[in-house]
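One chain comes next, on its own, written out as structure tokens in the form predicted alone.
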């Protein structure tokens, strides 16, 4: 179980969390939903160790945590295949992940040559290829067609490690299955 106990955290003098506590399962899918600016991305940043709480503690995190940001953050000088291979361990494994994301034939394309939805799928392939004990996905389906989302959601659901997904869509959360947590804020609080 991953636990946040009485976390307080501010971003540019704005309280994002104030004595916030939450327990997250150490398996399966947990979807986090809420309005823009309520603290969802800040929650992922705290869980990834990219930000530190001002008070309180986070326990139960695995040694390696993977994260997919809202922005694609692809290396522009590398092809889709090489972007994924950076974490996949081999070009062959990277190719398999691109195939799973319905990107066969795009292995040699550079990020600037791909549509927004295609770049998003390369980013998702890279996140899923990373060997970690917890995966954090911030709006992984942004810019994707509904039919693609229906094909890709089961790949995330069956990934075999705990996955926390930020989404604005209850439909996406339903496709992924698992637990849906709704929040409001700031400061963030459960609805």
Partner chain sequence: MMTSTATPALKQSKLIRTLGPIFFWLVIWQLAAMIVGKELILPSPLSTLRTLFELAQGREFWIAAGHSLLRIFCGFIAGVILGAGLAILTSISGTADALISPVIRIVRATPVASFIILVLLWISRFMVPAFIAMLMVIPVIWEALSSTIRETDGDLLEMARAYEFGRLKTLRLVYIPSVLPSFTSACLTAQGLAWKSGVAAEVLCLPPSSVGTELYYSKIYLETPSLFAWTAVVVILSFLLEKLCRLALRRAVRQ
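Positions refer to the first chain, counted from 1. Since the structure is predicted, the reported quantities are computational estimates derived from the model, not experimental observations.
Below: the form predicted together with the partner chain, not depicted.
Review point. 126-134, 161-169, 53-61, 29-37: which one contacts the partner chain in the predicted bound form at 4.5 Å, heavy atom to heavy atom?
Key: Contact-bearing stretch, as computed: 126-134.
Check your understanding: 153, 144, 68, 47: which sits within 4.5 Å of the partner chain in the predicted bound form by any heavy atom?
Key -> Partner contact (heavy atom, 4.5 Å) among the options: 68.
**Study point:** Contact of residue 100 with the partner chain in the predicted bound form (heavy atom, 4.5 Å)
**Key:** Taking the distances in the predicted bound form, the answer for residue 100 is no, it never comes within 4.5 Å of the partner chain.
Exercise for review: Examine residue 96 and determine whether its closest non-hydrogen atom to the partner chain in the predicted bound form is within 4.5 angstroms.
Suggested key: Contact with the partner chain, no.
Practice item. Using the partner position in the predicted bound form, report whether residue 105 sits within 4.5 Å of the partner chain, counting heavy atoms only. Key: Flag for residue 105 set to no.
Practice item. Give a yes or no for residue 116: in the predicted bound form, does one of its heavy atoms lie within 4.5 Å of a heavy atom belonging to the partner chain? Key: No.
Point to revise | Within 106-121, the residues that have a heavy atom no more than 4.5 Å from the partner chain in the predicted bound form | key: Not one residue comes within 4.5 Å of the partner.
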